[in-house]
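Heads up, what comes next is one protein chain in two forms, each shown on its own as structure tokens, labelled structure 1 and structure 2.
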Structure 1
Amino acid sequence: MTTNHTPVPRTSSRPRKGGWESQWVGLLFVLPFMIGLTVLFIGPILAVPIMSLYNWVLPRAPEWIGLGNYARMGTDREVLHSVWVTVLFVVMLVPTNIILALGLALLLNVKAKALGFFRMALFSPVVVPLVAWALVWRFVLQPDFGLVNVLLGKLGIQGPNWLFEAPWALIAVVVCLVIEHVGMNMLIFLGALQNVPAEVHEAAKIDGANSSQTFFKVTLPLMSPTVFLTVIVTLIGALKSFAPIYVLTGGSDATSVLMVQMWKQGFKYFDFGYASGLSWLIFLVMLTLTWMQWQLRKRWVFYES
């Protein structure tokens, strides 16, 4: 991946003249999308905080309960459990993904034959639809006749029931998601790595730095803005994970992260008020974590240019 710093010349296709008529035509073209966006996206987002103040179990009519839904969360064992599972999930997923992506990017950043193949192989899971990916894994991780346990059996190891046994289910979900997503982060890191100027590395070598010193003291700081970006994006992605978890384990106890809990309350128990409250909780968690990252970035992100 090469980066080009010369500005791309803009072809001025925008009509300078024509006034409001042409603007109307343009607006008409985007209108279908705008209507969809407003009705299906912005509207519901604005409705959620209001809905969270009601006791609204479909199909009954909503009843105002103020902050009742939020008070309920504090004592709801299922929700508290989900908070804990979410913490475990994020703590396992994000560092694994980032470290692995960085490691793979370093490995693939040398000039050698057949590297294109490895890059493609590692990136290809990214383009597989998540649900299809999860469905395949559900078969691979079957307890008796799944590929993983059959292979383990050949080595004389009896594998666990990956998707159902308590500690393994969450680990299996994390592994499955890391393999799906690591290619994306790897590619971003690869771009960042190739952006580190060769002179800097040369200077470090002349100063007598060994390869690990070069990496930790020179390369990593120079690509820290990229690491920062990927950490935030991966973190938000992790908190948003729903479909693969649902397909893999049906949202069992061991893997019932907050997103799964919210879905369950909303679309299984039809408790729309409570589910709205939970979605606010998830939003606040995301906001807080991102804000914390943003504050911390001054400590570890290196901006020069």
Structure 2
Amino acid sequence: MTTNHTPVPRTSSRPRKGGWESQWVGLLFVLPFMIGLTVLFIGPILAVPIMSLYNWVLPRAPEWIGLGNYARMGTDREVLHSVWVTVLFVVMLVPTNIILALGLALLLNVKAKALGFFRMALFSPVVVPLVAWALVWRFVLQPDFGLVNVLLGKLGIQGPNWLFEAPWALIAVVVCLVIEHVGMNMLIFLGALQNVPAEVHEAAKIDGANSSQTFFKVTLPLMSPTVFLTVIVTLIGALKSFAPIYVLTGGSDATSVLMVQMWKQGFKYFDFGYASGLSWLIFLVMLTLTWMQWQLRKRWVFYES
């Protein structure tokens, strides 16, 4: 017995959706975001290298000078001073932050009472707005009535002008930023420490390794990808620090890093062409340092070898 099946026509395309399910409605919702992203983010990024080729000091019209702004940086004492201050700032901030965060993570990676309280206390500055944090430190470090100098005065010590006197101003900024950010790096290192297999530590003990050898030859190499990432992120964060430095010291000469110098040229002297050149210089410095670390990763990152 045979049966005849009537062929069912197949539709070649999906039915079109209308109303709120239309793709045009979706595009309409994301349109304000795309306009804002283009005007406020992508547009300025593309405009900066072009503006750096002009001598543009308000209210005068822009004048083409080619690489003149970059040549000017090589002889500008203010910029050369800012480069030196930036190097000191990064050298003081990044190693201090990384070493302190790693030490705190090791201390908190044990079984003890009130461990949650200490972790929360060390992490709590991270959630405080950076400007508010800097304002508190500005009052604490005031030369006349600040808490630090008042306490030093009770000990018979005359405290320095922490916010404007070199080298104390730069040290004060570094201490303020380290305390504010060390909790985040500590938390990242703590997670990496807890991911190191216990069997590896037990094998090291069986082989006769002491605590120091276990840390430097077993634990630290296994944590090296996390350390590598944290160093890069902290370095980039240090190079683009501006708000806390400006709030604390007003961008004084003692703390005039490249970001502060760029702000001075752009919004104090209204030299937008030169400020654009400085911003491009900062970007190239960040890119070069990140590239160098990336090239060196095979030497000190465990999983890359």
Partner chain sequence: MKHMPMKHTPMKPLHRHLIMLALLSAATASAQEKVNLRFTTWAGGDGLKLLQTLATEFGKKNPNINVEVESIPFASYDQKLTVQMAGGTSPDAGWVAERSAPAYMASKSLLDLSGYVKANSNMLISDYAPASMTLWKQGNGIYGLPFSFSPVFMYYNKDLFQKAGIPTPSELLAQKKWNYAAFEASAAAIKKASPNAYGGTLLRLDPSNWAAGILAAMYSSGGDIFNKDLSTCQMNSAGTVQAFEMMQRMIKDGSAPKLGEQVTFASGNLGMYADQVSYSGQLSTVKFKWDIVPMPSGPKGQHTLLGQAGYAVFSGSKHPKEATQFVAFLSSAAIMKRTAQFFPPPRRSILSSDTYLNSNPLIPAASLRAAVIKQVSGARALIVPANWAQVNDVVVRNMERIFRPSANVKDELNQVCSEINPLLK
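All residue numbers here refer to structure 1's sequence, counted from 1. The term rigid core refers to the most C-alpha atoms you can superpose between the two forms while keeping them within 1.5 Å. None of these values were measured; they are calculated from a predicted model.
- Both panels show the same chain in isolation, but it is structure 1 that comes from the form predicted in complex with the partner chain.
- In this overlay on the rigid core, Phe29 has a C-alpha that sits 2 Å or more away from its partner position between structure 1 and structure 2.
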